[in-house]
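First, one chain by itself in structure tokens, the form predicted on its own.
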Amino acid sequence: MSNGKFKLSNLYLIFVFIVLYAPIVYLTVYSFNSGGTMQGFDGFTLEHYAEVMQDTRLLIIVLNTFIIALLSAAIATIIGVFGAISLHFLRVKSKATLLTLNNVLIVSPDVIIGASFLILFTIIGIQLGFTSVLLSHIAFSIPIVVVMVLPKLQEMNISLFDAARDLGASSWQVISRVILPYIKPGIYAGFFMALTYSLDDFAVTFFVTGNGYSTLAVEIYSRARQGVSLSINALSTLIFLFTIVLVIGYYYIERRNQRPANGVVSE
């Protein structure tokens, strides 16, 4: 029975991965198709990637996307880390309610969030464009950072704070020299998650972009509506590869952070 269950679980995992990755593999393979369509593979070519690299407007959009992603992830990480610390040390009955409200923002439909931001920016007079997109991405990234950092805070031993206080540490020294170094893996995780969400976001960005400003997700959607073009495949493949690099980079940093801790434990 155990062998049978093991085989069934393996088959299920294989099926899930095929469903998830088969469309991406199909898209990637046809990004090298010289035929210009996705009906048949006529031969290998890199002309679609060259077309992407020669598109000045697209390169500007790529730059806009990365600037928005890096800025929003950095700002959201700073706000989210101190928000998580405040929420963790909050000694009121509404703590669970505040955490629930934070989590609701994560699971709320992007269409509702995007429409809400559009109404807000219109009312307060913020012109749609770089500023509106940046503020929107910061707002929906903060709850993600909070969720990634809180578990590390909950793992901390309360005696660490008492020891720091007994040694004469101020509140800022406790945060900067005790709390922040301990929760560093959670901070990295929150930053990379916020960065990934910002790069991939379409629904919210679609509502708050103005004329003359766009991000990669919105641009790909706009081009896909005009018809099938294998340059879209090439662009999507490049984005997917960059996401893989981000994931590998995150796991590499996480493993480096865990090595000193493992060494201390072993001693």
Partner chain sequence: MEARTRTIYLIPYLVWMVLFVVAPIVLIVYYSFFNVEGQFTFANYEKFFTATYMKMTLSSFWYALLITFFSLAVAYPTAYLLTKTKHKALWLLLIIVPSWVNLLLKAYAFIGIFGTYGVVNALFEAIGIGNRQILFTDFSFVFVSVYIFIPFMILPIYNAIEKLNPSLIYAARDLGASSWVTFRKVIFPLTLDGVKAGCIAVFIPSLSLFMLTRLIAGNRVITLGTAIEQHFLVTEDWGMGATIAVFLIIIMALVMVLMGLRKRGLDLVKR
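Keep in mind the model is a prediction, meaning the values are calculated, not measured. Positions refer to the first chain, counted from 1.
Omitted here: the form predicted in complex with the partner chain. The next part is about that form.
Student: Identify whether the partner chain in the predicted bound form is within 4.5 Å of every residue in the set Leu98, Ile220 and Ala224, based on non-hydrogen atoms.
Tutor: Judged in the predicted bound form, Leu98, Ile220 and Ala224 all sit within 4.5 Å of the partner chain.
Student: Can any non-hydrogen atom of Phe191 be found within 4.5 angstroms of the partner chain in the predicted bound form?
Tutor: No, Phe191 stays farther than 4.5 Å from the partner chain in the predicted bound form.
Student: Would you check, heavy atoms only and a 4.5 Å threshold, whether Phe240 touches the partner chain in the predicted bound form?
Tutor: Result yes; Phe240 sits at the interface with the partner chain in the predicted bound form.
Student: Going by a heavy atom distance of 4.5 Å, is Ile253 a contact of the partner chain in the predicted bound form?
Tutor: No, Ile253 stays farther than 4.5 Å from the partner chain in the predicted bound form.
Student: Contact between Ser229 and the partner chain in the predicted bound form at 4.5 Å, heavy atoms?
Tutor: Within the cut-off, so yes.
Student: Of Ala163, Leu180, Ile79, Leu71, which residue is found within 4.5 angstroms of the partner chain in the predicted bound form when only non-hydrogen atoms are counted?
Tutor: Contact residue from the list: Ile79.
Student: Quick one: which residues from 128-147 get a non-hydrogen atom within 4.5 Å of the partner chain in the predicted bound form?
Tutor: Heavy-atom contacts within 4.5 Å come from Leu135, Ala139, Ile142, Pro143, Val146.
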